[in-house]
Each structure stands twice: as structure tokens, then as C-alpha cells.
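Only one chain is given next, in C-alpha cells, and it is the form predicted on its own.
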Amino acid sequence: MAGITRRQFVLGGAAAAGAVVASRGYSLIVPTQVASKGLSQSEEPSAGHPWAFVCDTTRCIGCGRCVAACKAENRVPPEPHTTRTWVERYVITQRGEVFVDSPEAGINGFSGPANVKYEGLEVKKTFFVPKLCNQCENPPCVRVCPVAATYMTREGVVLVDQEACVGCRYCIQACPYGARYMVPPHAEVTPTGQTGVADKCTWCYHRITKGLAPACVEACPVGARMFGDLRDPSDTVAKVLKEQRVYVLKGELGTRPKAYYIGLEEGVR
């Protein structure tokens, strides 16, 4: 094997990755299901540090400040397809048709009312849904990484060691939430200086481990994004999960996501 790098070996000999089937839909989580007591060990939030993220779709206004704040905080490349978090607009018609758009990942907001783009259709409802890494307790991206570049910290946060990443894209194929991307090979701005490697939302790990909120949470002008510690019963997120009806995306896949949603409508995927 002399003369070739680990990345060349993996890329040269790897077969196509088996993708996790990203079925559509969401699952209702009964508040008691996320309480830290009364659950089996396999169902409990991460033992190291049970952080949780809540997105309130009834509050989100699609302004895109969260996306801009994330890119600035984490040195994410400016291209729309390279984003750690994004916002989608859902348009539901009277006939039950569902249309989704996210121009430039929503960083510049959504110009014009939705019924202009879908002229001729009777629009029943429109709303915005923030998207980000779900920080799954059972993450498929960790299982498929051939070099352990994608790993879970002792606090239960899934990260990417970009110095170890070989750019095989297995984790991108495995993520059912579309939360990963490849850093462009010629990117001038990168999270760690590496290009041609996988990247994703970390819930601003460098901030939350210092007691700070993720950048997107701080930037949201309407409180549609919330981050908290489930060990603290007085924490806002802990109260939300205990008192309100919350949902997770694609809960039927068994990934046990730690990103919860308030007010999801039928058709969100």
C-alpha cells in the first residue's frame, strides 16, 4: 500500500454505499416519552449530556437569519447547497398537494407570498420548517463511516473529524434527513480548513460546551429555535417537551432524533 493515502485507498476500493431509505412523514412524541425518568436505558436521552433542540413551526417567519448566523459562526462555505441549517417553506393546497421550496437554503428569506409562485392553486396553508442535524441517538452516519471520522462525543453529539474523513460520502448517503454535504474542493471558506470532506451541523458544539446557545438560536428574532438541557426541569426546552405536543421527523426509522418540532403539519418530511 506504499505510495497511496488512506483516502485514495478507501475511495478507490469502496463500493457504492447502501443508502438508508428516507421514508416520508413525522412521528408524534408524547411528552412523557422524552422525560429523563421512567424509560429503559435504550430510550433515555444520551447519558453524557441530554441536550435537545426544539423548532417551533408556528413561530418561524422564514427570515433566514439563522442560516446566515450559522454560516458566519462556523465558516460554512457561502454556496446554497453547502449549509448546516436551512429553512423550507411548505405550501399545502386545498386538494392536499404539498409543495416545498428553499431558495438559497432560505438565507435571504422568501420573497413574495407563496400563492404567487403557485398561481392557480387554492392554497390552504403555508408555513416554514427549520431543518438541521437531528443529532440522533442511534445515528446511521456513525455506523457507516469506514474510518470512524464520524463519531459521537461523550456528551452525545455527533461530529465529523475532518482530518480523518476520506470523502467517501457514505455518511451523506446514510443520513435520512439530508443534513450533510461535502465541502467543495476549492472552497476558500471552510469550517476547519479541509476541503473534499463531509460537514454538517454540530449544534455549535464549541458554544454549547461553554454554556452558550447555538448561533442560530441566538439569531432567531421570534424564538422559533430553542436549545436546552433535559436534566434541568426549569429549562425552557425541558418544559416544552413535558407540556406540549412535539414531533420528530421520520421517527419510524429508529434513529431517535433529538430535534423536536412544534406544530408540524401533514406532508412535512
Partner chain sequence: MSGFAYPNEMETQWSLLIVLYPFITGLVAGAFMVSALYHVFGITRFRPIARFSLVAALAFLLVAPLPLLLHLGRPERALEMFLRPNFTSAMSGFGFIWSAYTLLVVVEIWLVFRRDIVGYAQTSHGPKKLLYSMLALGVFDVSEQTLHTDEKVAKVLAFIGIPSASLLHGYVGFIFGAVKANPWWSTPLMPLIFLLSAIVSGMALLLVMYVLVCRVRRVAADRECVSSLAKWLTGFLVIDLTLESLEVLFMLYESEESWDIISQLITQKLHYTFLGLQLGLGSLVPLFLLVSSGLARLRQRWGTALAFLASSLVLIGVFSMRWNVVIGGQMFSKSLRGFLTYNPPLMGREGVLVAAALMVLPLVLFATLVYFIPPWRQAGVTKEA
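What you see is a predicted model; the values in this text were computed from it and never measured. Numbering follows the first chain given and starts at 1.
The same protein also has a form predicted in complex with the partner chain, omitted here; what follows describes it.
The partner chain is not drawn, but in the model of the complex it has no heavy atom within 4.5 Å of residue 93.
Contact annotation for residue 135: none of its heavy atoms lies within 4.5 Å of the partner chain in the model of the complex.
Interface membership of residue 164, defined by any non-hydrogen atom within 4.5 Å of the partner chain in the model of the complex, is confirmed.
Using a 4.5 angstroms threshold between heavy atoms, residue 98 counts as touching the partner chain in the model of the complex. Of all the residues from 177-197, those having a non-hydrogen atom no more than 4.5 Å from the partner chain in the model of the complex are 177, 178, 179, 180, 181, 182, 194, 195, 196, 197.
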